[in-house]
Ligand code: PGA
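This document opens with one chain alone, in structure tokens, the form predicted on its own.
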Amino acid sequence: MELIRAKDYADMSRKAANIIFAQVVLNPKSVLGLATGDTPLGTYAQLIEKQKAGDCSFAQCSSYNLDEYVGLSADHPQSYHYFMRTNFFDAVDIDAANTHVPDGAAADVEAACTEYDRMVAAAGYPDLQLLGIGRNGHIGFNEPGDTFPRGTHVVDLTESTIEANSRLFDSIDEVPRQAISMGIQTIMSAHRILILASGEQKAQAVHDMVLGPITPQVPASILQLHPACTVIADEAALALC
């Protein structure tokens, strides 16, 4: 596990964007695993600037997102489909047909999970998988538990995750209680992993991910076993390391 220290959120975002930029320049047909949430927003903004400046193109890339809420349609303002369109896809030259987000509104959610795993495997798994880390050490929506989930699956969200995400909804009662998430085995099949962390509220999770034992109680700790995992964290997130 490689650890890159960043001064602050802006520096973390810049460093992360440079790594993704290099991936796309070296392989214009890259398969990108993407994440949502506040943490990657600065990275996406940097990549948008690079693409608009003509420094790179996403036209031949494909993407597979980590997760989606169960029960939200793709056009719901709090869905991750909507997040990706408004914060990245609509601002760059990626072909919308080559972007993929789990279908949380599917009539048969379990079948949608199976099909999503099939698509990710058929693509050869991401050349680079972007991740954030939750305050409880979750990656994607893989919450602390007794085992590491393998494939894409339906997750019952913990109260801490529901509370953390409630700021995006009018009330905590509107936050979905379930989500679809890539499983740990799917994430670990990516050829390279880039995980970002910013802020003192992530310090314990980063410490446990990097220095703690490998345990499903801290899902991100499994990344210690990945042969090409890079952590970029700012000074606040590294306060306990």
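Throughout, we count residues from 1 along the sequence that is shown. Computed from a predicted structure; not experimentally measured.
Although not depicted, the form predicted in complex with the ligand is the subject of the following passage.
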- Report whether all of R5, K15 and I232 sit within 4.5 Å of the ligand in the predicted complex, measuring from non-hydrogen atoms. no
- Query: Just to confirm, G134 within 4.5 Å of the ligand in the predicted complex by heavy atoms?
  - Reply: yes
- Item | Residue contact check: P216 to the ligand in the predicted complex, 4.5 Å heavy atom | no
- Query: Counting only non-hydrogen atoms and a 4.5 angstroms cut-off, does N65 reach the ligand in the predicted complex?
  - Reply: no
- the ligand contact at R167 in the predicted complex, heavy atom, 4.5 Å: yes
- Query: Quick one: which of 52-60, 179-187, 31-39, 203-211 gets within 4.5 Å of the ligand in the predicted complex, going by heavy atoms?
  - Reply: 31-39
